[in-house]
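For reference, the chain that follows is the form predicted on its own, supplied as structure tokens.
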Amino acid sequence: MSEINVKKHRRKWEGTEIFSVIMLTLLALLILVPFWNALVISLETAAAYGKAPFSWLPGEWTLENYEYLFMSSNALAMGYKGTLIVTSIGTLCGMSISVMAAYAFSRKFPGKKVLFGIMVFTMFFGGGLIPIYLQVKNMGLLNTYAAIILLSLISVYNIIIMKNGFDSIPPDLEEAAKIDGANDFVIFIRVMLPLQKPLIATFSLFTAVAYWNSWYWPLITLSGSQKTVLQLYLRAMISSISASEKGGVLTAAGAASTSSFSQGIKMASVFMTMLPIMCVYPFLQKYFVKGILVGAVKM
């Protein structure tokens, strides 16, 4: 009898839900397959790749492509060091400024509309590449990680969305906290921030990914410097390999082994560059959808 009741209350899937699941599954596969193919190519030999350029598992397993990356120079370690410095400091400082600015713009104060309009204006009009470069040069920030951090420190988009999140919090909570004797700082830290945890986690991920994948400003500000970041390392590695490959096999010194080939080293470089930031997403996934919806409800 209980089994019959369970069957009666079991919800049937509608046609649109089935279609959505199928389409999302296909989309997930389209995104996953290139990553998996890059990993497979990085773990196989040139002979196996020549027989089957696309395969689900390596034809002949090898780690020599990764050994080449770690043994050829210390550029990979320098790239990781630079990217970790820029990403950690940039994300911490950028999110601190964005959260405080968003909370400030969600309150009432004189000149709020004017300041908010000026901030939004910068989303559409910028100073230009050359003036920004000259300003960074005059400040003595060329060939420093501080230049990369400062040039991407403030995101108007993040501030606007998080402002909407603070606006959605009922004012009764703030009034109750004030009645209990809490000042503005305590209200911000102990009342407002915990309620915005999904938004903060979501945009922390966005900010970290932006810094991790940054290559344009590092290319301009770190030119001629010993400092580097992962994206510049990846660009230099692929360029040097492409210039030295002959007949599909890398002929540069130190990579004469038949197991080390250009495409395998390229894919190993790509995978080593994107792996750390991919590992962060699962820990923030539960906040992702909720954070976007909270900030996008009110505009």
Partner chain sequence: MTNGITNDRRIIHKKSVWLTMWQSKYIYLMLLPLFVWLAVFCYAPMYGIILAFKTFKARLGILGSPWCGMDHFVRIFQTPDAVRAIRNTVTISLGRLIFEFPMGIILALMLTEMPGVKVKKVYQTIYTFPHFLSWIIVGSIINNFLSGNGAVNIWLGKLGVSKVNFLANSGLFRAILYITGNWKEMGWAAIIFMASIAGIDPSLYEAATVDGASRLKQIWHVTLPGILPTICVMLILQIGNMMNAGFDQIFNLYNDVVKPVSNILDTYIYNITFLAAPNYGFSTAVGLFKSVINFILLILANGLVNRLSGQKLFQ
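Basically, rigid core = biggest C-alpha set you can superpose within 1.5 Å across the two forms. Here the structure is a predicted model, which is why all the values come from computation and not from measurement. Numbering follows the first chain given and starts at 1.
The same protein has a further form, the form predicted in complex with the partner chain, not shown here; the description that follows concerns it.
### Message
Within 4.5 Å, heavy atoms only: does residue 243 come near the partner chain in the predicted bound form?
### Response
Contact with the partner chain, no.
### Message
When the contact criterion is heavy atoms within 4.5 Å, does residue 81 count as touching the partner chain in the predicted bound form?
### Response
No.
### Message
Can you work out whether residue 49 and the partner chain are in contact in the predicted bound form, taking contact to mean some heavy atom pair no more than 4.5 Å apart?
### Response
Although the partner chain is absent here, residue 49 would touch it in the predicted bound form, with heavy atoms inside 4.5 Å.
### Query
Heavy atom to heavy atom, is residue 219 within 4.5 Å of the partner chain in the predicted bound form?
Contact with the partner chain, yes.
### Query
Pick from 163-171, 81-89, 193-201, 179-187: which stretch has non-hydrogen atoms within 4.5 Å of the partner chain in the predicted bound form?
Comparing against the partner chain in the predicted bound form, the contact stretch is 179-187.
### Query
Can all three of 43, 63 and 71 be found with a heavy atom no more than 4.5 Å from the partner chain in the predicted bound form?
No: none of 43, 63 and 71 comes within 4.5 Å of the partner chain in the predicted bound form.
### Query
What residues, if any, in 124-147 have a non-hydrogen atom within 4.5 angstroms of the partner chain in the predicted bound form?
Contacting residues: 124, 125, 126, 127, 129, 130, 131, 132, 133, 134, 135, 136, 137, 139.
### Task
Using a rigid core alignment, state whether the CA of residue 51 is displaced by 2 Å or more between this form and the one not shown.
Passes the 2 Å threshold, so yes.
### Query
Against the rigid core, is the Cα displacement of residue 182 between this form and the one not shown at least 2 Å?
Shift at residue 182: 2 Å or more after core fit.
### CA of residue 63, rigid core aligned, shift of 2 Å or more between this form and the one not shown
Not so; residue 63 is displaced by less than 2 Å.
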